[in-house]
Structure formats: structure tokens, C-alpha cells
Ligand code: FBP
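Below, in C-alpha cells: the form predicted on its own, a single chain.
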Amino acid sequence: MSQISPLQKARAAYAPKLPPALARGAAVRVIEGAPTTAVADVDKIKAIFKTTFGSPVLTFEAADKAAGAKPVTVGVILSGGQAPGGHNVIAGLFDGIKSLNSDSRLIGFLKGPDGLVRDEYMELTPAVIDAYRNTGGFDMIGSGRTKLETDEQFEAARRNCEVLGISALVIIGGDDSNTNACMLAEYFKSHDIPIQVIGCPKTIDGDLKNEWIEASFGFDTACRVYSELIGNIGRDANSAKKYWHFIKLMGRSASHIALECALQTQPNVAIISEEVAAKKMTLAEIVEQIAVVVAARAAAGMNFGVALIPEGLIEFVPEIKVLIAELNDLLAANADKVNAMDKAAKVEFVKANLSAELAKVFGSLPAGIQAQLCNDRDPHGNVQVSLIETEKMLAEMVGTRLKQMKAEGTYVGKFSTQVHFFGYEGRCAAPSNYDADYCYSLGYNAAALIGAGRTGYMSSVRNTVLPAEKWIAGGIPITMMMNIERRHGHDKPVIRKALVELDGAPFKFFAAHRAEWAKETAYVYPGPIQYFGPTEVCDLVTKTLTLEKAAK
């Protein structure tokens, strides 16, 4: 790094907070809980993880540094998409293993799990670590999405670790990455290979959490970045008073980001995918719901508003899921014939060959979305759902419905739209104080798990809604978060994704206030993340976590 910004220079001096159990170093007193089980499919999970299943939850208490602790060489991997705070996990891990023994070493595998398998790495020295403290991004060692799931990969990992003298691996990733970490831990332990494997919970989507994992790191920062932008747009909408802004937010499998940003900014409309699925809402019903809000605001002289749309919404609409499945089958069964058609012909072929009910659903979609569904396919011939511009689709469909309402005499107003997708803007932001502290603690805590000789565990730091001196450090067996899912025709053990709970306090609070936010212009303008100043401004906790803890 030849140049750094004034903010980055100031942030480099920030000293992240630690739970009291870790304050004296990574050597801790271990308190074991009762044996654990899995969240579902217990017998199948137990059969797969014969040596790591049933391990107890661990809680750490402060202890004097262990006398004569041996130096360790630890490998670290960043896996999956970026999330703010990843560098602080590595920094915490580095400081933690150095507290065990100053001769301990940290090896960073490059470009994610591929680096472990291909033996591509770099030693992380104090100079490297210090250059990245409290910074965003994963550029220290890079990341990747390769899955670690085959015996060949596990054997390559063993060979490369043994050559480097590595006795522990820390995998920083989301649900799939930590599932792979658990598989690797089981392989090593069942083959008497003395290499520990520890996971750290990462994903801005917020869907890796449970009683013991309060938050996946990066969620706090990403939501604050998006909420700043949404607040700015809300201010612009309220100033210009002529646009409806449709904003798509990251979160394909769960709507935690959309919900948190709604709680922070109070938009006029926020769709929550899990509610759509639970109520079996059709696309027409979603469009109607938005159109009714637009019409009511227009009747009050407000031809503007803000609507939040989760990235994965379309996959939660039952009729669209069925449509996509039938489309995939139809196009696969006629692949040669369809591939020879131009784009327009493909659309007409689909319209003529879908079942009558689904043909009606397909026909209701904007022409651009119809073409996308027919033409943008992945290598397996399936619809690339993530590429569907849901925000544009809904803006156009609401516009069409409003024209009908105007003809019916139930809408008088003007409807002009702007569309946005906030995704990559939040993934590599400089971490908030919460994420800087939480991530550093997760890494330091991972070192404590290594020092305690554990494997197949996820680093757990909880009670984070309170000041750091009341945080609780420990670890949970990754197996206790697992169930069996059908993937690509096979049963696979995976960490269960945490969806928005419709009976949970965050959603209930949102549901109780959304009618008011729809009617009024009640926007909140969070502004940019604050790193320096009073604690009530700088050390905020997400609305989601605050509401969840207040309800307990």
C-alpha cells in the first residue's frame, strides 16, 4: 500500500475491544456444557460426523497465560463473498496465537480454499497484519468459492499443511464454507490427522445465526452502508417529490438485510420474502400491494416514495418457483430446437407450450423479463434467477397496474420511477466499530479454541448488544447447526440457513409500523458510519439484534 487515506491512517490506530475472557491472552479456562445434537435429521448427521458429533458447547473464562505453551503454526482461509471485518478476524487470530507463544506463525492461503489445495500461500507477518487492521475487503489474501468436500481435496490439504507444519486451520466463511470446515474436521479426526479446524461466521446476508451465533460478521456494516444510501435517496425523494425509488438489496436466501434497512430508514414499502412465501402471495398481489400504497400517497399529494426489494424475492413467490421449474424442464426437453431459435422465437415457443395457468403468469411479466427467463441460462440450462432485475420488473408492473387504476378512476397521480441495486457497495466497506470489535474478538477467540485443542467448532462471541466487558466468548460444535438438504439429487449435510422469523421481534416491530410508514413520509436518515465520537453514535448495534435481545 503506497498511499492510505486519512481515515484509514486513523483507523489503523483503533484498538478493538475484547470479551473479558480473552483480555489476558488466548489461554483460557474452558467450561463445557452438555453434549449437543443437530437441529434436524439427527441420525443422519450423527452417522456422517462420527467423531465430532455431540461435542459440548464451550464457554471461556479468563485464565493466566499457560506456562510453556508451545508455538503453533496456523493456516487461515477467507472463503466466499467479501464481508466487512474479515481482515480483523485475521488480525485477532494473529494476535491470539502470538499470545499463546510469541513464536507462533500464521500462514494465509491465497484466493480461498483453492490456495489450500494448490499450496498457494504467504506468511502473514506483523508488517502485513498491521497494514490491514480495521480495513474492509479481503484483499490481504483474497477469497474464493471452491468447496472443500472431496477426499482428494482433504488429502491435498493434509499434505500441504504437514509440509508447512500447520497444526490448525481457521476457515472464515458462511454456511457452506463452515459446512466444508466441519467435513474437513471430521476427515482429519477420523483419520487421526492432528490438524484442528475452526470456523468463523461470515456473511453480510445475516442468515448464519442462532442462539449461540448472534450475528454473522459484516451484516452490521453492510446494512449501515445501505441504510445511509437509502436515507440519502429518501431525502432526495422528499426534496424532489417526483420519483418512486425501487431499491433492490442483497440477500438471496433471506431478507435480513431488507428488514434491517427498513427498520433503520422507515421506507414506504418493504417486501419481506419470507412473508410472501408464508402467505403464498402471487406476483399480482405483491404488485397490487405496492400500487395501493402509491395511490394512497398520490391522493394525499405525494407522488414519491421508497420501496425496498430483497434480492431473492422472486424465488419466494410460489407461482414463480413453479413457473421456473416448468420452464427449465420445457427448455431442457427441447434444447436443440430452442437453441436454434432467435430470442423472440424462444419467447413465443414458451408461451405456446407452458401449461395454461403458468402461461398466464408468464404473460403478465414485462417483455424484458420474459426474454431473460428464456435466454439467460446457466451451463446446466437453468434460469439464472440472480440476474433477474426484480426492482425493474416491479417498477414496470406497478406502473401498468396504476394505468389500469387510473382508467378505473381509483388513482389520480403521476408515477415516475428510479431503480437501484445496492450490493457490492456494502461488501468491502471499512468495518463499523461493532464489526471491528466483533471480528477481532472472533479471530482471537478462534486462537483460544486452538489453544484448547478443539476441532470442528465455530468461534462464538455473544451478548454483543451490551458493552464488550460483558461479552461472552466460547465455541459451538458446527454439527449442532446442521440438517440434511437435497442438493443436485443427493442428500447433503449443511448448516441450516436462518430465515427472517415472522413471529420474531424485528419483523413484528416492522409489521406494526409499516402502515404508518406507507402513509406518512417518516424517513430516517442514518448518515454515514461514524468511527469517532460519543459511544451512542459510534458503537451502535443493529435494530435486529437490539429487538431480538429485548424480546428475551
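The structure displayed is predicted, hence computed values, not measured ones. Numbers follow the displayed sequence, beginning with 1.
Heads up, the form predicted together with this ligand isn't pictured, but that's what we're talking about next.
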message = Please tell me whether any heavy atom belonging to H256 falls inside 4.5 Å of a heavy atom of this ligand, as the geometry stands in the predicted complex.
response = no
- is_contact(I320, this ligand) in the predicted complex, heavy atom dist at most 4.5 Å: no
ask   = Is K241 close enough to touch this ligand in the predicted complex, meaning at least one heavy atom pair within 4.5 Å?
value = no
- prompt: Does G81 make contact with this ligand in the predicted complex, using a 4.5 Å heavy atom cut-off?
  reply: yes
Assert contact residue (this ligand, in the predicted complex, non-hydrogen atom within 4.5 Å, options R427, R401, K392, K98) equals R427
Checked K360, R145, K414, K337 for heavy atoms within 4.5 Å of this ligand in the predicted complex; positive is R145
Only one of 473 to 481, 367 to 375, 112 to 120, 202 to 210 sits within 4.5 Å of this ligand in the predicted complex by heavy atom distance, namely 202 to 210
Residues in 298 to 335 that come within 4.5 Å of this ligand in the predicted complex by at least one heavy atom, in order, are E311
